[in-house]
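Read the single chain below, which is given as structure tokens and is the form predicted alone.
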Amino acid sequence: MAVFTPLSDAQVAEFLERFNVGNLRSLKGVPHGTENSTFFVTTERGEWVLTLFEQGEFEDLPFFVDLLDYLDAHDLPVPGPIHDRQGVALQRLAGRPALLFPRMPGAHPSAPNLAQCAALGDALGRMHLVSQRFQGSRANPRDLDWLNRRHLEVLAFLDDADRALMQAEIADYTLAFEGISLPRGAIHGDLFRDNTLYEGDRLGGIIDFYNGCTGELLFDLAIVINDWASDEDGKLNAERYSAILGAYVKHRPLDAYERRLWSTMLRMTALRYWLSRLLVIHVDPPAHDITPHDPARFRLLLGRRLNAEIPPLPA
């Protein structure tokens, strides 16, 4: 369960009095997630999502609030946080930081079709276009500097081939990105399929911005392609790849440096998740009793990006 701090109906009913959202009708814990406690809340005025933050850098929460407010104001399909009667979004409940959001419509797409891929590419392109003007700032916690530092902690747990691969890849990234300035802005940082909601082919919402930061827009796009356009064997599906990127570049065309470094960024984001999952298993066990994700998926993706041709980028 992803309810690490249980709440009673009475606690939530009292909490809702701070907002203009109506009176509590039902409360249900959400049985998925890995870090925070999440609840579905129903009132006579609608459906809401209540999140209690259990771990992480709590001082970063104002960044997430400001980013979601900004994107919501620009008509992106994100859950803009609900502000209380005094105009404050970030609250405390049961000793934890808390946010209340509108519940976005739809379900996670396990096998996205081409229309869903195009909708995601369109929304991400629009998001990256406006996010370059967002004034907030939070350093990317999983950037190249992080890879250089943290990979040393897992080398002892790898066989000789994987150890050599990881070291060679990071050295290659360091050389490739040296002195290069790529377009930057606010990014989602973790835009996997399970962080989106669809009603049929319509994108109902992009959720879970808690890896959001200020970073290279290409980093965000590469994370999306590695998840959304990869088949079970790790190969890129050319049709899904083209649907996402074709819709994306209509809003934000890629510059010459981004095009040159595209295949490198696909590899780097695959290694980023390979490393983060290795760290959870061997170095930083989760704070709660949950099953860590298997690193093998991203080791497979990295191998595919190294050994298989990357489809061309749209003009």
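We number the residues from 1 along the sequence you see. Keep in mind that this is a model prediction, so the values were computed, not measured.
FYI, the form predicted together with a small molecule isn't displayed, but the following is about it.
With the partner left out here, the small molecule still marks one of 82-90, 204-212, 239-247, 119-127 in the model of the complex; by a 4.5 Å heavy atom cut-off that stretch is 204-212. In the model of the complex, at least one heavy atom of residue 101 sits within 4.5 Å of a heavy atom of the small molecule. Residue 149 falls outside the set of residues with a heavy atom inside 4.5 Å of the small molecule in the model of the complex. When contacts are judged by a 4.5 Å heavy atom cut-off, residue 257 does not count as touching the small molecule in the model of the complex. Among residues of the shown chain, residue 195 is one whose heavy atoms approach the small molecule to within 4.5 Å in the model of the complex. Checked against the small molecule in the model of the complex, the candidates 27, 61, 30, 281 yield a single residue with a heavy atom inside 4.5 Å, and that residue is 30.
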